[in-house]
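Just the one chain here, laid out as structure tokens, in the form predicted alone.
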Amino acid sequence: MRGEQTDSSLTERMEPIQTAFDVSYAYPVVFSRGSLEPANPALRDLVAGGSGRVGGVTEPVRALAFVDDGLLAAAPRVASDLAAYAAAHADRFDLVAPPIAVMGGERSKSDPDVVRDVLRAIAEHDLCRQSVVLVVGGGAVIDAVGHAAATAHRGVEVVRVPTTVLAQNDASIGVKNAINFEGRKNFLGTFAPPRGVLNDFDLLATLGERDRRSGIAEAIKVALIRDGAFFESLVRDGASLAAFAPGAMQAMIRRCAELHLVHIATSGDPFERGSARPLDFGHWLAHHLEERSGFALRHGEAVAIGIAVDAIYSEKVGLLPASAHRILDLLATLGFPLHPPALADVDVEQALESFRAHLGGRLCITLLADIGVGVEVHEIDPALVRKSIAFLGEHAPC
């Protein structure tokens, strides 16, 4: 008994072992054209950089490529061009199989077979943590393939080649990936910074109008919460952006991507451990609208509506000086449909609670104190949100 008491007293006096460490992340976001032309080294350098050394001898990096089937339908040569590119750089880039087509669009995030198929391919081709998964396509495909890669071997590095506006300026340049689960947007996911991102403006030529327009919503979002001058440039270039003029689109994509990356690098919370997520301005309603529409709404279309409602609400609660009309005018100029049928079916309380549960802790919503100035609030008046939605229905084109 004495020995047991001694052991117990020793255990009670033991101090916990505290540990802390930092992990540094760095990755490039490269802007280019003609990235699948063998003379362009950008893709090769992203795939081959940083690994592949065995016993002091440089070996070609083993890579497995996945390509959005929507992209292949619009540009069938992408798969063969990618294989030819790898062959031209075989000393550094070993494409271990022909590029694999992956279901495109939001369905890729909602069908669990997509992630399972990617994991099977990674296993069948013996990729390891020194290998690279290369994914070419829209943000949803990059999310689904990235989620699979992040869980294989506890993390196979990914090189992303986004092919939509929204993916190039927002969805694919950050440190997250996610898939949907039982109808809930982005319920499963990981934080996994990529090895690198290659934004090839030429690949945007395959897009239809809705997908080109959709990505502009994320630029408006980040301008409104971080950079008033950028918002003014979007207003000034509104007609050119509505016509998808290449110069205006490329400038918008680059500045939007830059602002997102600055936030990730300098916010002090890149893996979103806290409850504040300013880059999700307009998203609490957007995610709900996507779900209510059965994902018929594009993500950017839903974000545009969320921005409009939150701007109106910000003005109604006295935060935003009378500027909501300028935001609505820009969204209308760009051609966003701001009052789709799904908006009439919004459950405000459910949408807010779902967003709070996704973040954890207190509800934290970003609103606007001015153009270019976001502010965090922890309480939202559902009745006033409904009035803001009604106001949008009365003052915005369908």
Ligand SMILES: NC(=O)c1ccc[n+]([C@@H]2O[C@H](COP(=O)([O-])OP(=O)(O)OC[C@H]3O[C@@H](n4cnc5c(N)ncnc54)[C@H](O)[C@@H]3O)[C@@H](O)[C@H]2O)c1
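Predicted model, so just to flag it, every value in this text is computed and none were measured. Just count from 1 along the sequence shown to find any residue number.
A second form of this protein, the form predicted together with the named molecule, is not displayed here; the remarks below concern that form.
Student: For the interface check, one of 211 to 219, 145 to 153, 79 to 87, 231 to 239 should have non-hydrogen atoms within 4.5 Å of the named molecule in the predicted complex; which one?
Tutor: Of the options, only 211 to 219 has residues within 4.5 Å of the partner.
Student: Closest heavy atom of residue 170 to the named molecule in the predicted complex, within 4.5 Å or not?
Tutor: Yes, residue 170 sits close enough to the named molecule in the predicted complex that at least one of its heavy atoms falls within 4.5 Å.
Student: I'd like to know if residue 138 sits close to the named molecule in the predicted complex, meaning any non-hydrogen atom pair within 4.5 angstroms.
Tutor: Yes, residue 138 sits close enough to the named molecule in the predicted complex that at least one of its heavy atoms falls within 4.5 Å.
Student: Indicate whether residue 196 is a 4.5 Å heavy atom neighbour of the named molecule in the predicted complex.
Tutor: Residue 196: no, not in contact with the named molecule in the predicted complex.
Student: In the predicted complex, does residue 186 come within 4.5 Å of the named molecule, counting heavy atoms only?
Tutor: Yes - in the predicted complex, heavy atoms of residue 186 and the named molecule come within 4.5 Å of each other.
Student: Could you spot which one of 328, 122, 159, 71 gets a heavy atom to within 4.5 Å of the named molecule in the predicted complex?
Tutor: None of the other options qualify; the answer is 71.
Student: Can you work out which of 277, 292, 255, 176 has a heavy atom no more than 4.5 Å from the named molecule in the predicted complex?
Tutor: Contact residue from the list: 176.
Student: Using the arrangement in the predicted complex, list in sequence order the residues of 82 to 106 with any heavy atom within 4.5 angstroms of the named molecule.
Tutor: Heavy-atom contacts to the named molecule in the predicted complex: 104, 105, 106.
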